[in-house]
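Take a look at this single chain in structure tokens; it is the form predicted on its own.
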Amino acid sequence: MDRIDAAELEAFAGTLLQEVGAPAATAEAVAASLVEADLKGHTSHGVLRIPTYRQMIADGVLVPDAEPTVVDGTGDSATAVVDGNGTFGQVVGRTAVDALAERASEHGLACVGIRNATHLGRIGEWAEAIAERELCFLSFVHTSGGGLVVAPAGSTTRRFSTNPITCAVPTFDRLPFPLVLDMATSQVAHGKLDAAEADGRSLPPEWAVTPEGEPLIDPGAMGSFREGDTWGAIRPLGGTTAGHKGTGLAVMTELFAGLLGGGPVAGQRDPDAWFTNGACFLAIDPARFGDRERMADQVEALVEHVRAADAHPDVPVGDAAKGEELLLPGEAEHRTAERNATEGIPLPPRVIEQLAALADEFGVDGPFGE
């Protein structure tokens, strides 16, 4: 797998995004987010998304030169709703984070609803941005009724998106990274299946299911989001053992994002339509609840307590885990980013082929070599 210098990849991505219609400042912001996802090991949310964005623009779903607006709430309120107006979700995410942090710092806690955000990208980026301001973060994200890929427990019929829940806690300088849990309410994020296909890997049997109820192993057998495609579905979090819990989390995420963001929920929109993220972002200022030093001690004590657990060679961490050891939430991303910043970002051959083809179409030089 080729490794690409992060700065070169970001400049290349920014150029491609301008070629497909993004203004320079927007292209720069989106490219930074995509490459950060790649840098932290989340290929599924990195530059491989550019061809998809190009298609969304062609279909009139993504409006590359639009700007998000804060349509409800003011600086004097602890709440707001951000309408993305169909622009790049990475731009919408930045707007929402700024509105959220401003209100949480003033009021102690705040909630921002989001709608019409197309693809918000890696939600962990927004969690990290809030935690870096020493605020706690919680979010619920859905796809406004489109892009349904997850079945409820006991079913093979797609009824939800992967509906992620994300939490973040600042570590008050006791760790070099915030603690960030960014998880789908399905067994695995849809992008992980795309990444498996790009890498030529089979799927673990607990990730997805065929229409006949059998494990779906070949990621290449997956169709699109279209309801008429009968490839099956991703299983809910908990799989065949506790899928009812993942189903419950998906339902609540759907409603938090829909009710507070204002966009449609699953069942209110053509499921064959392109996805467009809606969300509910919440932030809490922990300084309103106690002494910073006491909280730092609590974080440090818990971290030491968890890390003191004995690893057992016969107990796997899990098929979707990074590596074979127990890591704290957000630690895998931190380690991966440090390595990739030095050695370069690894990109699967299929991703390089797709980006190279797009670059050739626009006459753009790529960083991929011969």
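In this text the structure is predicted, and so the values were computed from the model without any measurement. Residue indices: 1-based, along the sequence shown.
Missing here is the form predicted in complex with a small molecule; even so, the following discussion is about that form.
A.B. asks: Verify the contact flag for residue 164: yes if a non-hydrogen atom of it lies within 4.5 Å of a non-hydrogen atom of the small molecule in the model of the complex, no if not.
C.D. replies: Residue 164: yes, in contact with the small molecule in the model of the complex.
A.B. asks: Using 4.5 Å between non-hydrogen atoms, is residue 124 touching the small molecule in the model of the complex?
C.D. replies: Yes - in the model of the complex, heavy atoms of residue 124 and the small molecule come within 4.5 Å of each other.
A.B. asks: Wondering, does residue 182 line up within 4.5 Å of the small molecule in the model of the complex on heavy atoms?
C.D. replies: Looking in the model of the complex, residue contacts with the small molecule include residue 182, since a heavy atom lies within 4.5 Å.
A.B. asks: Though only this chain appears here, would residue 189 touch the small molecule in the model of the complex if you measure heavy atom gaps against 4.5 Å?
C.D. replies: So residue 189 counts as contacting the small molecule.
A.B. asks: Looking at 24 to 32, 308 to 316, 62 to 70, 327 to 335, which one sits within 4.5 Å of the small molecule in the model of the complex if you count heavy atoms only?
C.D. replies: Careful reading of the contacts points to 327 to 335.
A.B. asks: The small molecule isn't shown here, but in the model of the complex which of 158, 119, 103, 115 has a heavy atom within 4.5 Å of it?
C.D. replies: Residue within 4.5 Å of the partner: 119.
A.B. asks: Looking at 58, 302, 341, 321 here, can you tell me which has any non-hydrogen atom within 4.5 angstroms of the small molecule in the model of the complex?
C.D. replies: After the contact test, the surviving option is 321.
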